[in-house]
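Take a look at the structure tokens below, where one protein chain is shown in two forms, each on its own, as structure 1 and structure 2.
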Structure 1
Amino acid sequence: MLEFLKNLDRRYIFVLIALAVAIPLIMPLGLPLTPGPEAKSMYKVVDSLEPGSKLVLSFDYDPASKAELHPMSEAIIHHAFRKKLKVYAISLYPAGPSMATNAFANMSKDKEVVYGKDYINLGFYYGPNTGLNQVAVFSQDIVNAFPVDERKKPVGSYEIMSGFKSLKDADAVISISAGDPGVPAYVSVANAIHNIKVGAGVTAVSAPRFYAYMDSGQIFGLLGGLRGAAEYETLEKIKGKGLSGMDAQSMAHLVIILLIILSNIIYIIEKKD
């Protein structure tokens, strides 16, 4: 057995790792996960909004960051639809509108929500691409920034736009951001100047820089990476891509740890011999 393990073809290990990742993605295991205070704060604010409240979700990422950030967007949209909030998607990234379209399509299935009444995809603002200037325009005149929606129809023709003339009319804004422009622009303009509630969902590698924003009260919640999405899903009591992704990571790490332990056992046995 010892010789067999020592000479085990590494391709078997690759297959084992692949199965450890694939199985939880196909059939989520539901491993326990305890949400942190940042995710709880985000969830609490969204959950406190009354039906009909206006939630702006800024899709500030592209397909390169979709695996980490898209589950956050879908979990928040699920929560917003359940609470019967009005959801407005905008983007500081050119690819953001397509991310919004996909998220809305996934979360509107089997739900009594209507485009133009319960949610809308306003698209990408083709203005000065500095983030700060873009958000400054949104804050003053949303209709001027987005005369037509992603479907190329006048935004004024939609019921959801009644009473929503600027970002200042929003009850909360959440930026799901892969970098800059993104959260810093909303914090610097929407929150600092107009006192608009701003929440943040960011990639895991960039999350540490935003804890200071959380501590200072500049953002009301923070979701970091795939774990942040999984925490929000846990609070919302849904099994989405965040939880299944965390299951896959956990199982892959467990297999690697077991292989390391096995390798050390083999080494100790050989050394004694």
Structure 2
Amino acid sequence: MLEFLKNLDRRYIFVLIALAVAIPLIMPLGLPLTPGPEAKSMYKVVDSLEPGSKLVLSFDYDPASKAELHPMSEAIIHHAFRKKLKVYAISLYPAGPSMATNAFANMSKDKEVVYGKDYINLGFYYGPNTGLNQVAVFSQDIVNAFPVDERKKPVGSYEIMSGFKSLKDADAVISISAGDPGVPAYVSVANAIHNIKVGAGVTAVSAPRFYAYMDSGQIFGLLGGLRGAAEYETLEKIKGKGLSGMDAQSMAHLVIILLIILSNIIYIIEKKD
């Protein structure tokens, strides 16, 4: 048995992890989830905005990070639509606008929201220097950066654009980002230079880096990975992809922890022998 475990084929572990993820997805366990202070802070700021306030959502990710970040975007859009905020989608990633289109399509179902009046997808703005250049432009003149929206119509023709000339006109900016360009650019330019309120939704891999920004007050909220999305969904009282994935996440973590313990036991036994 010990020999078998010592030389265990890694593909057994793959199967184990696959089962740990798949079973809770098919049969949800309903494990409890308590939102953390970072997610609460993000929720609180969005929730405190008056109806008609301008919320900019920067879709700085592509399909590679969709599993982690898209549920966040959808939960925030749900919240914004419920609060009757005006939502402006922009992107520092070429594939970002299609993510925004998808999130808006999912969240506008059964809601009385109108494109161009309640929300708009301004598209992708190309720029070098890992987003700094783009955010600097957005902070000064967003209409110049996006003369036409994702539907190729002049942005000036939309009602939602009246009174929205730059990021400075926004009541809050949230970057849902898979890395650079993304949150760092918004923190370095929009917040540090122009004092614009910035919130962050990031992949779990990059989340530890952004806690420093949270502690220093440079961002008003932080959603880290799928858990961050699930926390926001809990606060918003909706059941999205974030919450449905948390049981699977917990089970997978449990399997990994058990495997680590087992490996250490085998190591200790082997050392004794």
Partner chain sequence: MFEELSIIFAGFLTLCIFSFLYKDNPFYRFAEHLYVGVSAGYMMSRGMADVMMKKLYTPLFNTPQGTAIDYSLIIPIVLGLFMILKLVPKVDWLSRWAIALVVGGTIGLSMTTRFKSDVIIQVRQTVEAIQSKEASLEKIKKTQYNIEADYSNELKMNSAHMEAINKLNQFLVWEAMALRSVVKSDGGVKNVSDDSLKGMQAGWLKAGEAKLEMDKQLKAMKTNLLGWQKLYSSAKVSIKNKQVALKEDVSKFFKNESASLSYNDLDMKSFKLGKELEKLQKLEVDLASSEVILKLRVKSLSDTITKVSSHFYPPAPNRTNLEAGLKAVQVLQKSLQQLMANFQSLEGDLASYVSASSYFSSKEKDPLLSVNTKSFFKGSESSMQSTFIKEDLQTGFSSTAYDLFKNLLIAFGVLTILVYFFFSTEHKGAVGVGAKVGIYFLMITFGASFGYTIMARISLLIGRMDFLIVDVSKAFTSMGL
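Everything quoted here is computed from the prediction, not taken from an experiment. Think of the rigid core as the biggest set of C-alphas that the two forms share within 1.5 Å after superposition. Here, a residue number simply tells you its place in the sequence of structure 1, counted from 1.
Undergrad: Can you spot the form predicted in complex with its partner chain among structures 1 and 2?
TA: Comparing the pair, one sees that structure 2 is the form predicted in complex with its partner chain and the remaining one is not.
Undergrad: After a rigid core superposition, would you say the CA of Leu29 moves by 2 angstroms or more between structure 1 and structure 2, or not?
TA: The answer is yes; the displacement is at least 2 Å.
Undergrad: Name the rotation angle of the smaller rigid part against the larger part between structure 1 and structure 2, given in degrees.
TA: Rotation of the smaller rigid body relative to the larger: 30 degrees.
Undergrad: By how many angstrom does Ser250 shift at its CA between structure 1 and structure 2 when the core is held fixed?
TA: It moves 2.8 Å at the C-alpha.
Undergrad: Core superposed first, then measure: what is the displacement of the CA of Leu259 between structure 1 and structure 2, in Å?
TA: C-alpha shift for Leu259: 9.8 Å.
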